[in-house]
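The chain below stands alone, shown as structure tokens; this is the form predicted alone.
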Amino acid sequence: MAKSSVKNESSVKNFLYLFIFMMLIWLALTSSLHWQELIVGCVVSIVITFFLNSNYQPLGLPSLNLIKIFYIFIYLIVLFIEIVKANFDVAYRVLHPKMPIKPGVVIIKTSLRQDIAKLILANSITLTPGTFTLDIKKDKLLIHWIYVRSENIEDSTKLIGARFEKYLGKIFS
């Protein structure tokens, strides 16, 4: 009996978090606080949340709480900073007269267990220019790197994946 009440409480909490997330997306897309648009946004968000809530846990997504939401925001900031830095690095390599590239394929190791967490890590690596995730096999990711700095798995992991995995580990714990 106690398990079902905890499960229901978790389901309600996830419903509320998803609803708030959908409303934030609605507000970002409409950029309006008119009462008519807010009402439509609430209705649309409730309908979408109703359909997504049943699919939320089977996807392996973490249950949400304020600490995890905080880490999601930190992760997005880190991702943005890494994308900007990688863009400047690739632009330098393209504009440099000697075009200093040393392309290659390296393997990095991850401690993430959930498939969705590994997928987010792989996509984050691919989003940063100069790296591209080719494959995911168990706890290893195959990465094409525009300038291979190390072929050692531990060094490559620190240089490519650790900056994202640090926060994804906290989100998916």
Partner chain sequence: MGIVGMIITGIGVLFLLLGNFGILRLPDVYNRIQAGTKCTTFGAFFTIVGIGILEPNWFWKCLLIAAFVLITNPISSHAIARASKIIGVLLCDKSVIDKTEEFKNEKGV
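Positions refer to the first chain, counted from 1. We call the rigid core whatever largest set of C-alpha positions still superposes within 1.5 Å between the two forms. Keep in mind the model is a prediction, meaning the values are calculated, not measured.
What comes next is about the form predicted in complex with the partner chain, which does not appear here.
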### Task
Give a yes/no on whether residue 162 approaches the partner chain to within 4.5 Å in the predicted bound form, heavy atoms considered.
no
### Query
Within a 4.5 Å heavy atom cut-off, is residue 77 in contact with the partner chain in the predicted bound form?
no
### Query
Does any heavy atom of residue 144 come within 4.5 Å of a heavy atom of the partner chain in the predicted bound form?
yes
### Query
If you check in the predicted bound form, is residue 155 within 4.5 Å of the partner chain, heavy atoms only?
no
### Task
Determine the residues of 115-133 with a heavy atom within 4.5 Å of the partner chain in the predicted bound form and present them in sequence order; the list may be empty.
119, 123, 126, 127, 128, 129, 130, 131, 132, 133
### Flag for residue 153, CA shift 2 Å or larger between this form and the one not shown after aligning core
no
### Query
Would you say residue 107 moves between this form and the one not shown, meaning its CA shifts by 2 Å or more once the core is fitted?
no
### Task
Indicate whether residue 142 shows a C-alpha shift of 2 Å or more between this form and the one not shown, with the rigid core used for the fit.
no
